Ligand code: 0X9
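Below, in structure tokens: the form predicted alone, a single chain.
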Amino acid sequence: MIRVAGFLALLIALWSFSSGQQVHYDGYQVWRLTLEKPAQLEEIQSLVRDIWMVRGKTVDVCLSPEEQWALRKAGYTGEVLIKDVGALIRQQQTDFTPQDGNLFTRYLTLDEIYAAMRQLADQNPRLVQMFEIGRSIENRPIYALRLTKDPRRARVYRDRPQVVLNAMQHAREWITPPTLLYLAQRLISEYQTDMRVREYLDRLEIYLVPVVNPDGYVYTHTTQRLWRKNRRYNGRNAWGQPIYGVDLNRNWSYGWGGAGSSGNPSSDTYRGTAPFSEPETYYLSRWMLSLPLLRAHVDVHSYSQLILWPWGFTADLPPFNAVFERVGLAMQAAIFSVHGQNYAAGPIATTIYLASGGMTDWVFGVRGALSFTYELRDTGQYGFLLPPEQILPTCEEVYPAFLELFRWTLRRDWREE
């Protein structure tokens, strides 16, 4: 009876999410469940479509009314983190237009993000260059900013180490692009007055890719706020409903196809038909392979307040784990110093969960660069629906962590540490 109820709840959810109509999430709730034994996670996954976060013995799940009923029938009770997801989404909607160039009072649309990037490049040509990396599955451009002294004098400087920071592989993680826009704005504004910033822009090439998944991000604004994947059409399910999306952060080649990813096209962790099957990951990876001195990288996500490093595909510790730990703890301290927020630090697989085919593993495993994942605010009170008033504090607290990574990038080869 429990399995049938879960099957019907999943069928109803899949029909509403694939119908092309706007999803309102009325009556949806977010629960935090505590696992008493490992087998319970598999049962929860069979009853629930949208798992937000798994960490240790706790699981955050977003539940339709039908799924709430199914979990209760299965004997589960949990802490209610968000009582009405639909109401919270409507509460956060606003027509407020940023004044005086303030981009951090609300969440911007894709066009607004790209316009802000273009304005930074146009107004600061001696420090910023904007360029297109590639195109998405729906043919939207994926833009990057290149921050370095005199960026137009060379396509790439072979004597300046490169750092790549990217965000928005997962479409619903709206807090992630603002952190990179804030970083760009602040680096530019402090170039003349802060000797550290001047050194970083004179001696490094800093690349920012605020939106890796533009199609998914647009879809979260127009149709389904909590959509995660890209917008690849995967065919139809057994009931004739269209299936969309590949999890871009399971589509990278290093460790692709293992635990923590799914071969089911309906899954939120669907890894795709092959490594780099998606144009978003293909173009980003080809461009990163062209950088001659790539030394450091951060893939920005939300939520849970974490600083993570390889490996994700295995619980084994990576080579140079002591260096990762040293840099990770330095970034952790930098974040804490701003607003007192603690970001736990550790390898991906042992700190949260196994995740195969992730970008961080690929950057370290293939390019040999120090690669981290940030999981931004919060720890679950709002999850992916972080209120706009927390945008600026989040940007402020991760800014010095980025600077700490730049400092390490300029040190002698970290392999000698």
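Keep in mind that what you see is a predicted model, and the values were worked out from it rather than measured. The first residue of the sequence shown is number 1, and the count goes up from there.
Note that the form predicted in complex with the ligand isn't included here; everything after this is about it.
In the model of the complex, segment of 42 to 50, 373 to 381, 25 to 33, 63 to 71 with a heavy atom within 4.5 Å of the ligand
After filtering at 4.5 Å, what remains is 373 to 381.
Just one of 232, 106, 170, 225 has a heavy atom within 4.5 angstroms of the ligand in the model of the complex, so which one?
It is 170 that has a heavy atom within 4.5 Å of the partner.
Residue 302 versus the ligand, in the model of the complex: is there a non-hydrogen atom within 4.5 Å?
Judged by the heavy-atom cut-off of 4.5 Å, residue 302 is in contact with the ligand in the model of the complex.
Using the partner position in the model of the complex, report whether residue 271 sits within 4.5 Å of the ligand, counting heavy atoms only.
Although the ligand is absent here, residue 271 would stay clear of it in the model of the complex, with no heavy atoms inside 4.5 Å.
Does residue 59 reach the ligand in the model of the complex, with heavy atoms at most 4.5 Å apart?
Close contact is absent here: in the model of the complex, residue 59 is far from the ligand, nothing within 4.5 Å, heavy atoms only.
Test of understanding: in the model of the complex, would residue 249 fall inside 4.5 Å of the ligand by heavy atoms?
Residue-level check for residue 249: yes, a contact with the ligand.
Contact set, 357 to 387 vs the ligand in the model of the complex - heavy atom within 4.5 angstroms
Stretch hits, in order: 358, 359, 360, 361, 373, 375.
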